[in-house]
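Take a look at this single chain, the form predicted on its own, given in structure tokens.
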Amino acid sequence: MHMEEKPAILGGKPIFEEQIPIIRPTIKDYATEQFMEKIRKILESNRVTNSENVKMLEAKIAEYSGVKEAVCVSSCTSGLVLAIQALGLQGKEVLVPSFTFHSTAHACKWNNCKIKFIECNEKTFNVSIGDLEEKITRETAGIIGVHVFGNPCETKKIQEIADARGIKIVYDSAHGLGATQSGKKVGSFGTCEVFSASPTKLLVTMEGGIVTTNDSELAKKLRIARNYGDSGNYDCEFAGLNARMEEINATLGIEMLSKINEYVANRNEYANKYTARLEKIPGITFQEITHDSTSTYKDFAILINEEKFGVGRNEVYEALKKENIASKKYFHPPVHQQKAYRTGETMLNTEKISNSVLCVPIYSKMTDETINGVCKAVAQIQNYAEEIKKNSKVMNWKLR
């Protein structure tokens, strides 16, 4: 007999009266008079794109990441598109993980690359080294790695594989600014790394991206590429994009960069609190962070084993919604099963994780009340799993 209240999905009172969002950016913290004065000066200068603040952000990101160069662009996706182009990977075979946000593949598609999807490691969610080695051919020219949810890839092994074959590595580091591996900041691995600074990330430039690299020639090409391929003499060297970053965006990035280490530390603290509470619940496991790595925890993911938990991921998603808790099936479906890329192949690890993963709320600033409420909700759902499962058959949640 259950001694606690029923979950809201079964008629109980919701744990939260108001919606708990999956993300809560810290952007509003920077709406100060001092910051507004900086915006006013930018507008008065009439120099609103690719000027002094963009250069300053590039210098600060390069220093923070421990690299020679950082190039600001309009988005992580445009940065990936231009990096793949600048590295001469257009039309060539590239290996891309399927367990990623679809823009990783989009950047390759826009470059007419021959995409070959690779499996993920079922523990870390990152590139499977075994599948990577198995799928490399003489035709392979590039590897796209992804630091999933801010958890660094096995960069040393990937580099060894690439170096042995003369292959370029581009990391989609959208989630990774502030992560570390073996004492080095993410941003310094591979041929280049591309960060996102959109509103869902730890560092925000409203919209924007940053490419980091130790290859000065590549950085030079990227600066030309983001300006249509025009180096400044109106005689285009190649077909680039308008992928410049605005000065106001860069100014917000400069402000937030000073807090990035604090945000990473906070999220690791919150992740530890979640883990301590949720690991006691049958059927809940977590993304593995290797001993030499620090994740940004841009997202906090739990895996739900339906057999042990009592209901599946989709039922938990619907039940949390009734508790006014937003969650996300991230990434579902995996890219190789999406309409734009459907291959018909089976990728066991990727599909298993995609069908059982659920990201719960995590922010750069978060209260214990929120964390405890989410954990309480998950525990209640598991305690009433049998009853919820009966209801799920009526509601047909699994088709959603």
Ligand SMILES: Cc1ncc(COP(=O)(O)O)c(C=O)c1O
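Residue numbers run from 1 along the displayed sequence. Just so we're clear, the structure is a prediction, and the values are computed from it rather than from any experiment.
There is another form of this protein, the form predicted together with the named molecule, and it is not shown here; the text below is about that form.
key: Of 84, 225, 146, 325, the one that lies within 4.5 Å of the named molecule in the model of the complex (heavy atoms)   = Checking each option against the named molecule in the model of the complex, the one that comes within 4.5 Å is 146.
request  = Name the single residue among 304, 250, 76, 192 that comes within 4.5 Å of the named molecule in the model of the complex, judging by heavy atoms.
outcome  = By the 4.5 Å heavy-atom cutoff, the listed residue in contact is 76.
Among 232-240, 68-76, 90-98, 312-320, the region lying within 4.5 Å of the named molecule in the model of the complex by heavy atom distance = Only one stretch passes the 4.5 Å heavy-atom test: 68-76.
The named molecule contact at residue 174 in the model of the complex, heavy atom, 4.5 Å = Heavy-atom contact with the named molecule at 4.5 Å: present for residue 174.
query = Does residue 286 reach the named molecule in the model of the complex if we count a contact as any heavy atom within 4.5 Å?
reply = Contact check for residue 286: no, nothing within 4.5 Å of the named molecule in the model of the complex.
is_contact(residue 198, the named molecule) in the model of the complex, heavy atom dist at most 4.5 Å = Close contact exists here: in the model of the complex, residue 198 approaches the named molecule to within 4.5 Å, heavy atoms only.
inquiry  = When the contact criterion is heavy atoms within 4.5 Å, does residue 159 count as touching the named molecule in the model of the complex?
reply    = Answer no; every heavy atom of residue 159 is more than 4.5 Å from the named molecule in the model of the complex.
request  = Could you run down 325-355 and flag each residue that has a heavy atom within 4.5 Å of the named molecule in the model of the complex?
outcome  = The one in contact is 330.
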